[in-house]
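Taking the form predicted alone, here's one chain by itself in structure tokens.
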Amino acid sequence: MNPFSSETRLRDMIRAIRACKTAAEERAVVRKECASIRAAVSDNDNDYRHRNLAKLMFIHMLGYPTHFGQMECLKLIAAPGFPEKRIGYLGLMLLLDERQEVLMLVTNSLKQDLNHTNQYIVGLALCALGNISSAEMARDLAPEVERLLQFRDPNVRKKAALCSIRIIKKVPDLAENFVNPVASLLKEKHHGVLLTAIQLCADLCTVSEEALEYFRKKCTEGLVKVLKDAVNSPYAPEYDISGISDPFLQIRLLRILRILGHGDADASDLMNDILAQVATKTESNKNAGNAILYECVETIMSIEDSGGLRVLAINILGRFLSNRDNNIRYVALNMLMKAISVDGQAVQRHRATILECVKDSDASIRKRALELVYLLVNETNVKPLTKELIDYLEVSDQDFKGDLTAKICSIVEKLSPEKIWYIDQMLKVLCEAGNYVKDEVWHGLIVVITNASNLHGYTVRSLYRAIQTSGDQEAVVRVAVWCIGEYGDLLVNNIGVLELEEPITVTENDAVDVIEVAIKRHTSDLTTRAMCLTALLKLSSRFPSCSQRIKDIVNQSKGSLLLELQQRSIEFDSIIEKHQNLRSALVERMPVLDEATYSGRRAGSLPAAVSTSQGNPLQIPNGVHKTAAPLLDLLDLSADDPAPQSSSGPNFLQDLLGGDILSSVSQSGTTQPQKSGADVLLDLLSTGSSLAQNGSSTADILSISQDNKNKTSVNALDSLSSSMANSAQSLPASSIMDLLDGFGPSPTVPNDNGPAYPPLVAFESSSLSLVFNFSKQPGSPHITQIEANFTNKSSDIYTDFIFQAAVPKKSLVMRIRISYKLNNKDMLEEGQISNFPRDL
């Protein structure tokens, strides 16, 4: 016999395929078998059509194309015999889906089989229709399916109910046709029919409000009675599972009661008693009983109910938490997270058990329990719960420390009753897991420390102790270095000692030792070392006796390969050596940082400072939403770790540019007024005349030292003036602000003044162009006026047009930002102009 002829049995083909040792051999066998089947299809072989289709189904399951056999399915379905129809419908469900056009040809055969006298053929048609029915087929065959819901055989009724579920999902408009038949099916004694009827009822309630109201009024009492009979029924071997009568039916009944009782007090009252009975009588030592109890708890939490039943449900979940099965505990934790919003006080009673779950060996349970504890914390229990979590932090797994520290820090920030407690808890977290906390955490801690003026001494002493034992935690080192730099004198002189503190003696050299160890530690990153250099500069003023030692430590970074450290070292060394008269003013303590403003910045709710826009989201052409940043972002002057923003624009700029420097300049004169925002912006763009009038102390910062007139200095502090500064120093403040903010009329450009410069195309896109025209004023060749001409190249109207520009001090480069609205949609254009004429 030819092994690849139509007479070959299915088992022989399967054996031949499984005997293949390589994929190539398998493909060869399948290819030959498919060729044989194609030949039989061409010859219209009726004797082996069912066998060929069975082979095609196996080949289809292996992943090979079998579309050429689709019509064979229709031929077998049209055959009169049950065996042929069975193979035909099976092939129809496997080889076709509702998107195939061939499916339209089978509708008539399905209709005939749904009206067939043989109930088994009717069952085949219902199975096929329930699996692959399209919307068109559902509309055509819905009357037949609706009629079969009243068929004499329960198996047909069950399949008709399942088929009806597919029909109402495909065509929700037909739902009203099935409401009355389903109501009669809910009175069935046959559990199989009842299960499918309940599922059909639930789907009808989902797609139709009218059906939901009908079932609430007509069927709630009947369903409660069915559930009561199921709970109290005697032993029935055909339905019994682990001593529980048909748990599948009970679960379905609880789910449909949940749907009917949600938002309806009358329906909820009808099911209160049976729910309490299920919750108290069901055994929880078997999986089937736990499944029923879980569904019962879900139903109690969803319906309109008094507090007593909910407390019972939460107690059941509490028992679940003590179960050995991890799956049951995980389900209980999930359910308790939902229950907190319903009855938080009842969940609080199980707080100890939930805390034990945080320490579980299973990672999924740990994370879910931690989320639940986070929701449980409030003002009354924040201290004991935080203590428990921090105690566990000491022994927790490395993989879990990140999540745990994030939750603890969030709890402490939100619910801290007092600043000293906040500082203590944060220090504990940083000492145990400082390498796992985000930068925002220790930034926020520094903000709180600056606001707690009465705790500065206590904090710096606590950090001094912490860094001795936890020097490997980067966050501890950073906060300690910052505080020692700011409050080192309080540490050495034991100022502000609290009663709860233990006495400690720290010398000036001890404080410097801490920072020297931190800056030389090989694991310290750039941020930590930069903070150490800044702290050393401040200590050089606070500890005059250690000034030379500090200078030597600072000088060690002059040869650093990191430009940031090298630059800081050179500048700080210059301050220590050449500008001792200014040093004390430069390194004064940081001003108090605004906690509310810092929190707003972290949440992204604070409007941008010094920007003409109000911080509204802008739609960038690439589709990314971006909040309008401050104008200072154009200059890239912000540090890697920016200081918290203060509540006013000028103060924010002072923090960004070095608040100590600006404050020292303002204090150097006897009657120096507070700088305005325009003055600060002038300082940003140039070393203009406003700074030149601030006395000899300011001149020491901005110009070459008078003691070294004949020497060429490359020191950054001695060479801040530049050609750009000279060109801008006489420009009125109003003109500068017009350039920055786009407000006010453009200055009049005088004609025929000085050398002529060609127009410069500063920016150009498909819809907008910007051209600069340059001119000089008579008698002022060092001042250049720029006229900006904007051209709308599109036919659309631009509104809320804002142009911003900024020029860094060190190079002749202009960075621009253009924002406007197009059809009420925010647009943003950015660019950099670096091709200005050289002799400008």
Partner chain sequence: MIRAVIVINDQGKPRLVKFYDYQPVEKQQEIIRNIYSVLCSRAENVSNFVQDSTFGPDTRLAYKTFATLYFIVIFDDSENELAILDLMQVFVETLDKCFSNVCELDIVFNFNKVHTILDEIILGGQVVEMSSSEVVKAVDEISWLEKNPNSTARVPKSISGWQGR
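Note that the coordinates shown come from a computational prediction; the quantities given were computed from them, not determined experimentally. Residue numbers count along the first chain shown, from 1.
The form predicted in complex with its partner chain is left out here; the points below concern that form.
Do heavy atoms from each of Arg152, Lys169 and Asn287 fall within 4.5 Å of its partner chain in the model of the complex?
Yes, each of Arg152, Lys169 and Asn287 comes within 4.5 Å of its partner chain in the model of the complex.
Give me the residue from Met271, Ile87, Leu537, Met426 that has a heavy atom within 4.5 Å of its partner chain in the model of the complex.
It is Ile87 that has a heavy atom within 4.5 Å of the partner.
In the model of the complex, which of the listed residues (Phe58, Tyr798, Tyr48, Phe774) lies with a heavy atom within 4.5 Å of its partner chain?
Result of the distance check: Phe58.
Does at least one non-hydrogen atom of Lys825 fall within 4.5 angstroms of its partner chain in the model of the complex?
No.
Does Leu312 reach its partner chain in the model of the complex if we count a contact as any heavy atom within 4.5 Å?
Leu312: no contact with its partner chain in the model of the complex.
Would Glu210 count as a contact of its partner chain in the model of the complex, using a 4.5 angstroms cut-off between non-hydrogen atoms?
The answer is no: Glu210 has no heavy atom within 4.5 Å of its partner chain.
Whether Arg461 contacts its partner chain in the model of the complex should be assessed with a 4.5 Å heavy atom distance threshold; does it?
Outside the cut-off, so no.
Could you tell me which stretch in 341 to 349, 320 to 328, 446 to 454, 465 to 473 has residues with non-hydrogen atoms within 4.5 Å of its partner chain in the model of the complex?
Single hit among the candidates: 320 to 328.
From first to last in sequence, which residues of 68 to 103 have any non-hydrogen atom within 4.5 angstroms of its partner chain in the model of the complex?
Residues within 4.5 Å: Phe82, Pro83, Arg86, Ile87, Leu90, Met93, Leu94, Asp97, Arg99.
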